[in-house]
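One chain is shown next in structure tokens, namely the form predicted on its own.
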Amino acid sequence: MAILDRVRDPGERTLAVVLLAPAFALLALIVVYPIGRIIYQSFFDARLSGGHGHRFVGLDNYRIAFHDTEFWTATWHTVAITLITVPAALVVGLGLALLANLPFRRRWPVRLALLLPWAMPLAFAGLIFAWFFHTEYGIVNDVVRRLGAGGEPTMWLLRPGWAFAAVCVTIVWKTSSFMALILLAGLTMIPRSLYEAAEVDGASHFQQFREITLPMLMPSIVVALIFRTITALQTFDIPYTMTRGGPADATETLAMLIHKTTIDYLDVGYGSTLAVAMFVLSLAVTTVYLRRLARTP
């Protein structure tokens, strides 16, 4: 009878376990198992070509990665893209969010304009900007020429430095709207009465922005930075469609190296090792952000 009574009227802890069990099972299926499988695969020599078979090698793949110049170069490119595009997208996104939050009579066209770049597929954006930066018929060189800058057209995607800059510009354009949407949601939650009280006290617009907007917006900023940083560390589509990692691997990211290792070279074991490295990097950055978010009032 006691067991039947417990089933009919479960306690709060039992009810919570029952209700959350499907979510935990789904999370384990789509997140925990794939991550565990990749970690397990990283300890094997699993090349699908050459007849090497599937044999356990322990930490050999990690030792190879530690001494792999291509791995460190791709990691540096990934970190550099993150350090450049995330703050730039935050600044641009904050400006767009403030603009969209102004008391327009009709706000929906401005907010729709924020949504369109974010909704565009990454590969499509990369192809568009690859055309923009094309040496012969790209719009960027055409604008430069019309502004009176003569000489030979700049080979944006054929020189390492210019190609890297073009990729960063494209990523900032694509991702700043995402940042703006998150920050706009945070701006709408700030009570208008705070600004009215500040105006009564004689605070300027800059003082209101510094003392009210930024502190109240900080949780939204941290959340936006978490999502944007994780996606930046996993950058693949835009540099792949624009430059294929070139010229001379100048724009190859860690995700592109993983793709090349597993798909082109068919080295699943070493590719899994590189994927584990990217996962650890993303996890470390996310942990820093979450600690910052926990300290945010």
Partner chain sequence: MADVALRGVSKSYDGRSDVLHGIDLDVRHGEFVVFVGPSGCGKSTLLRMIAGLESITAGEVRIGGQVVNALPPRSRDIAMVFQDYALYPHKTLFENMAFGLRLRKTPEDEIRRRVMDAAKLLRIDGMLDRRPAALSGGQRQRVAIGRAIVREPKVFLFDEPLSNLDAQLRNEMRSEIKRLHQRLGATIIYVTHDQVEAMTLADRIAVLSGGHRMQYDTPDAIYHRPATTFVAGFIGAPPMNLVDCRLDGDAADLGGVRVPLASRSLAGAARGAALKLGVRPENLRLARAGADIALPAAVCLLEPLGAEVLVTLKLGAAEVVARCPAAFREPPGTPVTLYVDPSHVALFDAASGTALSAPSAH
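Just so it is clear, the structure is predicted and the values come from calculations on it, not from any experiment. Residue numbers count along the first chain shown, from 1.
In what follows, reference is made to the form predicted together with its partner chain, a form of this protein that is not presented.
- Think of it this way: in the model of the complex, its partner chain has a heavy atom of just one of 103, 151, 202, 148 within 4.5 Å, and the residue is 202.
- Scanning 87, 215, 95, 121 against its partner chain in the model of the complex with a 4.5 Å heavy atom cut-off leaves one residue, 215.
- Proximity of residue 142 to its partner chain in the model of the complex falls outside the 4.5 Å heavy atom cutoff.
- Using a 4.5 angstroms threshold between heavy atoms, residue 91 stays clear of its partner chain in the model of the complex.
- The closest non-hydrogen atom of residue 188 lies beyond 4.5 Å of its partner chain in the model of the complex.
- The closest non-hydrogen atom of residue 197 lies within 4.5 Å of its partner chain in the model of the complex.
- The chain is drawn here without its partner chain; in the model of the complex, the stretch among 153 to 161, 79 to 87, 133 to 141, 215 to 223 whose residues come within 4.5 Å of it by any heavy atom is 215 to 223.
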